[in-house]
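Below, in C-alpha cells: the form predicted alone, a single chain.
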C-alpha cells in the first residue's frame, strides 16, 4: 500500500486552476522529487499533502486513510508528517530549544528529549551550536536547524520545499549530504520540490515534472531526462536540440526524419508521414574536425557560432543548416580550438535521438 496517494486532486484560487487532476502514488521509503518551473504548483501540492490547505476537489490518502474523513483524523495524520519550508522559520531561542520544541509539545520526558536532541544535533553537525540563538545563524545553518527540528519527531513523511533554493553552493551541498544521510539512516519517505534538476537526479528515486498545474511526466531519472514525453518536458530538462521534421521512411524501427532536405536517423515506432520533433541532448553530440568512419549514423558539417565555458564544460552553438548545441569538455574545446567561425563536424548516434510527436499535430 502507498504511503501517499492523491486522486484527481485539484486546487483553484478564484478563477485560476493551480493544480489539475493530480494523481500520484508514493511508496513507503521512497524519495519523490517534484520539478518544474516557478508557478507550476509544486508548493501548492506540498501544502495539500501536508494538510495545511483543503483541495478544491479530489482525495488524498495517507497510509490508506482518507485525510478528508474528519478534523480529528487530519490532526492525527499531520502529527505523522513534517514540512520544511523554503524559507524556514526559527524561533528566537537556542538551536537546542528549536530542535526540541516539537518533542516538548508532544510531552516527551526530559531525559528522552536530551538523548534525542544529542543524536539529531550530531546528524546535522550542529552540536557545537546548540546554545546559540538560531536567528543568529547563517542561511544554511538555519536550514539545518529546520530539518533537525522536523526529524526530531521522526516523521513518516518529510516534505521539503526547495531546500537549497536560497543557499550558496557549499551550504547547498551540505544540505544535500544531510538529506542523503536521512535517507540512509531513517529510510524516511520524502517528497521534495526543487528547481534544481541535477539535485532531483541525485536524491530521488522518481521524479514528477509539473507544468501549468499538471503532472506532465513521472518516472525514473532516466525516463524523464532521456525520454521526455513532450516538448515542454524536453525543454525543461535541458534538451536544447528539438528539431522539427517529418518521418520520410521507416524500416525495423530505424526511421529517417526529413528536416528541410537534411536527414536525421533515429530509432522510433512512428510511421512514415508523421510530423515529429527529434530531441538530442547536447552532451550526446560529439565534435570532430572532419568526418571519420564511426558507428554514429548522424554526421553534419557546421560552423561554430558561439561558445560559452562554464567550469569543466564548454557549450558550443553550431549552424549546420539547422541549429545544434553541443556540450564538450573544456579540454576538447581547447584541443579543437573551438571559436566563432571554426568549421567542425557534429556527430551523434541514432540511439541518441528521442522522437516525440510534434506539438499541435
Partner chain sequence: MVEIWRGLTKAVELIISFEPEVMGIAGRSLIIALTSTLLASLFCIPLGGLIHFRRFPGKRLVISLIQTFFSIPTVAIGLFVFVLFSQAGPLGGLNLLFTPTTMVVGQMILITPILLGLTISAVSGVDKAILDTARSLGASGFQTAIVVLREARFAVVAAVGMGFGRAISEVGIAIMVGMNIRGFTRVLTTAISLETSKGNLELSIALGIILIFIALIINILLNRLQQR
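Positions refer to the first chain, counted from 1. Quantities reported herein were computed from a predicted structural model and do not represent experimental measurements.
Missing here is the form predicted in complex with its partner chain; even so, the following discussion is about that form.
The three residues 33, 41 and 60 each lack any heavy atom within 4.5 Å of its partner chain in the model of the complex.
Screening 203-211, 72-80, 172-180, 113-121 for residues having heavy atoms within 4.5 Å of its partner chain in the model of the complex returns a single hit, 72-80. The partner is absent here, but in the model of the complex a heavy atom of 93, alone among 198, 136, 93, 288, sits within 4.5 Å of its partner chain. The partner is absent here, but in the model of the complex a heavy atom of 52, alone among 313, 65, 303, 52, sits within 4.5 Å of its partner chain. Using a 4.5 angstroms threshold between heavy atoms, residue 102 counts as touching its partner chain in the model of the complex.
Although the partner is absent from this view, residue 127 stays clear of its partner chain in the model of the complex, with no non-hydrogen atom inside 4.5 angstroms. Under a 4.5 angstroms non-hydrogen atom cutoff, its partner chain in the model of the complex has residue 149 among its neighbouring residues.
Of the heavy atoms in residue 253, none are within 4.5 Å of its partner chain in the model of the complex.
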